[in-house]
Ligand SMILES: NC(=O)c1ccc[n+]([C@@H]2O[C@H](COP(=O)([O-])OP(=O)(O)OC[C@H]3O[C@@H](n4cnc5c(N)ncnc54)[C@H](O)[C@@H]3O)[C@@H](O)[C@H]2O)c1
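Below, in structure tokens: the form predicted on its own, a single chain.
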Amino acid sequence: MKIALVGAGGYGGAYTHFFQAGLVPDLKLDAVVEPYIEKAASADWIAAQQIPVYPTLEALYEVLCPDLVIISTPIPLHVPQAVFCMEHGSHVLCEKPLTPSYEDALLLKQVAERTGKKLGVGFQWSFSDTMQFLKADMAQGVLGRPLFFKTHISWVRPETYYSESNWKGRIRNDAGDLVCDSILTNATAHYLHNIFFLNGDKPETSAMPTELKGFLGRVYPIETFDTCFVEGALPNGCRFLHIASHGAETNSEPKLEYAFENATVYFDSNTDPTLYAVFKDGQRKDYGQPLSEREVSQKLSRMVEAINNDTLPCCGVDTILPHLVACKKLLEQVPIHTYPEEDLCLQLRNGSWFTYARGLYEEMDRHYQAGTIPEGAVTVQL
């Protein structure tokens, strides 16, 4: 299988690492499209492997029609590049977010159907052994009815995270392209999407929320939000809570609790890399390590399997629509609370300046433990 990577910088470096570290031993990278290859961290490895580098997609297809193209470029390029690749005979694995527009996502689905090509989206937990095993057990009723799923992430970010970007935290970039970047649509998207994915009624589908309520906040002076408390319900009766911030004082990696009738699933990557279930009789079942390099790389290996076996990708356009709809509705309907200046603290850490809201982490933790969101949260019309 011929594989090409479009975008070797940024997250594209993760894909070159999959090959470089032997995480996908049966696969080979055949070409790279990158106009600024000298800036890519993997430039020396790409050169040493004698992998051809092309400045544009058009230049690539003059020489090679890849079986699979991995797209890891800025968000506004995803749609035109994915359309170009599928219309020129390639399957596509595109990094998330696929697109900030619901209409564009449907357009890409139509192109995939018309061309007969597979379009996967890089929400890696959907491709991972851990979540595949857990979803299979859910489908078989091993854990009982899902009751309440909750997640918590506090990723501290320096001021430069926003100030040195022309798209992070913005509705549109400098060129006027729609990006709708926020902590919910991009940085912690995996964890809200995973709730919808696990509750989908088929292996490759996600559950659309039937209720949605949100409190959105911003510590940094951005257009969207860097803090969110989101709750809702799904068609099977499962309720959910997602709490995340870039503007709290304490850094905390993802943790979650998924409560079922017969067991509770736990994951706290601050203390244990394993996601596991504890049943009411005290038995424990380990599902895997969803943040490990091996499992993250499975989005590529499982995409290749879908192509070879002519099956649906673990995560495609239909799989991401509930998350896309939820993010769109929240941004459109929920006012963004700006934390007052008197509540903010500027702190120098390891040579970088950080701003955080005093007491925000404690508030996040309190609501996570109680399974609630702050007063003032707004109910969204779906």
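A quick note: this is a predicted structure, and the numbers were derived from the prediction, not measured. So that there is no doubt, residue numbering starts at 1 and follows the sequence shown.
The discussion below concerns the form predicted in complex with the named molecule, not included here.
Query raised in the report: Out of 339-347, 33-41, 318-326, 60-68, where are the residues with a heavy atom within 4.5 Å of the named molecule in the predicted complex?
Result: The contacting stretch here is 33-41.
Query raised in the report: At the 4.5 Å heavy atom threshold, is H190 in contact with the named molecule in the predicted complex?
Result: H190: contacts the named molecule in the predicted complex.
Query raised in the report: Using heavy atoms and a 4.5 Å limit, would one call N186 a contact residue for the named molecule in the predicted complex?
Result: Flag for N186 set to yes.
Query raised in the report: With a 4.5 Å heavy atom cut-off, would you call I75 a contact of the named molecule in the predicted complex?
Result: Contact with the named molecule, yes.
Query raised in the report: Does the 4.5 Å heavy atom contact test between E95 and the named molecule in the predicted complex come out positive?
Result: Heavy-atom contact with the named molecule at 4.5 Å: present for E95.
Query raised in the report: Should the three residues V6, G122 and K299 be counted as contacting the named molecule in the predicted complex, with contact defined as a heavy atom within 4.5 Å for each?
Result: Checked in the predicted complex: all three residues contact the named molecule.
Report task. Could you check which residue among G10, G359, G371, P25 gets a heavy atom within 4.5 Å of the named molecule in the predicted complex? Result -> So the residue touching the named molecule in the predicted complex, by this definition, is G10.
Requested in this report: Find the only residue in T264, Q132, Q81, S292 having a heavy atom within 4.5 Å of the named molecule in the predicted complex.
Outcome: The option sitting close enough to the partner is Q81.
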